[in-house]
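A single chain comes next, written as C-alpha cells; it is the form predicted alone.
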Amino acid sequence: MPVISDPVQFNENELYVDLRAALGLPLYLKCEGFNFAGSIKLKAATEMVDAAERDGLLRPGSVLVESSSGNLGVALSVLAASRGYRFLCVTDARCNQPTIRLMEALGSQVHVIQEPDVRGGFLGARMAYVAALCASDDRYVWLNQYTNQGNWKAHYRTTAPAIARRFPDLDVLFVGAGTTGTLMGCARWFWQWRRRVRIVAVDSVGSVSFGQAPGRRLIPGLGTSVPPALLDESYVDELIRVDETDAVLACRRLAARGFLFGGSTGTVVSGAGQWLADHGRAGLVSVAIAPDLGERYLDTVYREGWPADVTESEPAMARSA
C-alpha cells in the first residue's frame, strides 16, 4: 500500500467490475469512487485547481466558489482543505444531506438554493448566484466546471488512456452526461486512437443536454437543466436516455449482489443494458464508467418508497427543474 501525505495522491484508477456475474451483462464497469472524495470528480477538480494556481488566479486569501450538485463540491472540499483555501459550494435542494454534511465536515461552507430559475431550473439559479457573488467580491474564484477546459482535459489525460491500456480491444464505451467533462475527455481521446471505439452517451430523462424538453429529475449528478457548454455532439455516436426509476432499479440490483454504487452509476448501467440488449454480440468488449459509490444515496436511491414518496409531496415547479 502507498504512503501518502496529500489526499490527491491516492486515486484507484485500475478497478473494474465484470457485470456478467452480477447482472448478466457483458459489461466491465470502471469504478471511479475509490479516492478521498468518493467520485470521479476528484480528477476534474485537481486539474482545474492546478491550472488556476499556475495561472495565478488562486492566491493567498482567495475563496474558491463553485456550483455543484454534490460530487464536485466534495472533491473541491478535499482540495481546499489540503491546500489551505476557503471553499463555498453552491448547491440546491436535490443535493443529498450526507453530501452536504461531508462538505461541512471538511471545512467548506454550503449554500443551498431552494427555488429553481424559471428558465434554467436549479442549475441556472445556482450559476446566477455564483456569478453575482463573484461580481460583488474579487476574492471569490469561480472555476466554473461548466466551461472550464480542465474538466474534460483531466479525463483526456487519465481516464481514457487507463481504459485503453486495460482493454486494447475495446468496442464501445458508455459515459454518463452531466457537465460532459468525462464524456468529452474520453470521446476526444478515443477519436484519436489507433482503432475505432463507439462512444455512447447516457443521459437522464428530463435533461436538456441533448436538446430534449426539461422534466422532473431527482437524482443529482447526470443530466442538466442548462445546455452544457463543453458538449460537442460530433464526438458522440449514440445517445441513450434513462428514466430515473430504471436508474434506481439498476442501483438496487447491483446492491443485491453486494455492489453499492451511486445514482449516476445506476443511470449509466441501465443505459448500457438497454444498448447491449439491442446491439450486443459475441465477443463485443464494452466498458461503462461508474462515477461514484452509493453511501451518499442511502436516504434517497436506497430508501424504500423513494422516489414515489418525494414526487407526491413536491411542488410542481421543483419537479420540473
Ligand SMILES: Cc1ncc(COP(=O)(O)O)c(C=O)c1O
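Each residue number is its position in the shown sequence, starting from 1. Computed from a prediction, not measured in an experiment: that's the story for all the values here.
Only in words, not in the display: the form predicted together with this ligand, which the text now covers.
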* Asked: Based on heavy atom distances of at most 4.5 Å to this ligand in the model of the complex, which listed stretch, 248 to 256, 51 to 59, 278 to 286, 33 to 41, is the contact stretch?
  -> 33 to 41
* Pro291 near this ligand in the model of the complex, any heavy atom under 4.5 Å? -> yes
* Applying a 4.5 Å heavy atom distance criterion, does Pro116 contact this ligand in the model of the complex? -> no
* Asked: Are any of the heavy atoms in Ala187 no more than 4.5 Å from a heavy atom of this ligand in the model of the complex?
  -> no
* Heavy atoms within 4.5 Å of this ligand in the model of the complex: does Gly178 have any? -> yes
* Identify whether this ligand in the model of the complex is within 4.5 Å of every residue in the set Ser68, Trp142 and Ser225, based on non-hydrogen atoms. => no
* To do: Find the only residue in Ser77, Asn96, Ser207, Thr182 having a heavy atom within 4.5 Å of this ligand in the model of the complex.
  => Thr182
* Structure fact -> Within 203 to 231, the residues having any heavy atom within 4.5 Å of this ligand in the model of the complex are Pro220, Gly221, Leu222
